[in-house]
Ligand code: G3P
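A lone chain, given as structure tokens: the form predicted alone.
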Amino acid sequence: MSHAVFNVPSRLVLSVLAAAALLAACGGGDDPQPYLTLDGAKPLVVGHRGASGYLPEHTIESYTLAIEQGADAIEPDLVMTKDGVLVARHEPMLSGTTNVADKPEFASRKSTKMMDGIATTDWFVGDFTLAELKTLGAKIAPASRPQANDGKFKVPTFDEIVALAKAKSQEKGRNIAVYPETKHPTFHVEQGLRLEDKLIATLVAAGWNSKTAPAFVQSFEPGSLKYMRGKGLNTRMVQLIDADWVDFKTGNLTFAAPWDRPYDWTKAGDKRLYSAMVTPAGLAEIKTYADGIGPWKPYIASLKWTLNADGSGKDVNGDGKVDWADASSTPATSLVADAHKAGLFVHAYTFRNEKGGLAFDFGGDPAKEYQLFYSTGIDGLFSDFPDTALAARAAYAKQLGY
């Protein structure tokens, strides 16, 4: 998809307007308007790293809070320990989400590794056994969020997360899905670790090796998904689609390493960008090995600054800087419609409450952002604040007449 289409209203948005006009012409009627999702069901709310806006991410406590708030699914990012155990961390590095830097007994473990082509210095999960990791305390990210619970909670294993979802599903009387991501799978292979095999084994043991299982498997690297499919994993799979940033002067996405393309493409010499994935041809290719896409949300509705006469961005919120919060949302693209046409569902990421991450025209109200995205027909979304996402979904359902 050309970035120029970011200013073209999507067919999905037009269909919402057409449905509303039809109802008005018929005097309203009692029948609710249909959801515009691929299967007609209400969009899924995924607790991104649990309820990570409130508690340290990727902890049993964060996942539990997301479930208590009503999330349909919880998302663990998976990395592998030295002794071959899958654990939940956002990255193979530990300093950003644990207190490892405060542990003198692990000072010597700090090292520099090439991760996705970038020299990275940190403490790496793959250099720790599970027992050693369990001595660390998790901390919230970013540091601007409440830190009262930092250090209190432990790093969970994937098996523990699956057990939590099963227990809570039985307790709540509803299916709570688990939505794991293989994090930096090529890096893991370079370190002599193959996390996909353990992921498959866990899902099979849980009885979740089917399209109807309460599980989704996601990755930014197509090769990881294709490997698992080739190994017989039948669970629904999701191709994640990234970018570097937004050019707020134009609303176009930008692409710079390492967020320009999947790293397995880089290793293979494939020069295509992530943007190739959102073209009709790219979506058709994804359909051969996956069931859905997980795009960064500006692919669906981008943001654009109001410009000064000299072409610079205007500080419309008057906070002395020009950034994301000064940009207003642009009309939705055709991505959701194009993906649905290809038979792929769309789960967008990541939704947050903080005003600094909201478009100016939302007026600091995250509910308005959700309203925009739900109206495009997305099939689900990832939120750090599942309660806010669910409240907005309920308001959207009421608007449709449910």
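For every residue, the number given is its place in the sequence shown, counted from 1. Only a predicted model underlies this, so the values are computations on that prediction, with no experimental measurement involved.
From this point on, the text means the form predicted in complex with SN-glycerol-3-phosphate (G3P), which you will not see here.
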(request) Would you mind picking out the stretch of 199-207, 70-78, 152-160, 135-143 that comes within 4.5 angstroms of SN-glycerol-3-phosphate (G3P) in the predicted bound form, counting non-hydrogen atoms? (result) 70-78
(message) To verify the annotation, which of these, Leu303, Leu240, Ile286, Ile176, has a non-hydrogen atom within 4.5 Å of SN-glycerol-3-phosphate (G3P) in the predicted bound form?
(response) Leu240
(request) With SN-glycerol-3-phosphate (G3P) left out of view, choose which of Lys267, Lys168, His90, Lys113 has a non-hydrogen atom within 4.5 angstroms of it in the predicted bound form. (result) His90
(request) Report whether the minimum heavy atom distance between Lys183 and SN-glycerol-3-phosphate (G3P) in the predicted bound form is within 4.5 Å. (result) yes
(request) Look up in the predicted bound form whether Gln218 has a non-hydrogen atom within 4.5 angstroms of SN-glycerol-3-phosphate (G3P), and give yes or no. (result) yes
(message) Using a 4.5 angstroms cut-off on non-hydrogen atoms, would Phe360 count as touching SN-glycerol-3-phosphate (G3P) in the predicted bound form?
(response) no
(message) Although the partner isn't part of this model, could you tell me whether Tyr35 comes within 4.5 Å of SN-glycerol-3-phosphate (G3P) in the predicted bound form, counting any heavy atom of the residue?
(response) no
(message) For the stretch 326-352, I need every residue with any heavy atom inside 4.5 Å of SN-glycerol-3-phosphate (G3P) in the predicted bound form, listed N to C.
(response) Tyr349, Thr350
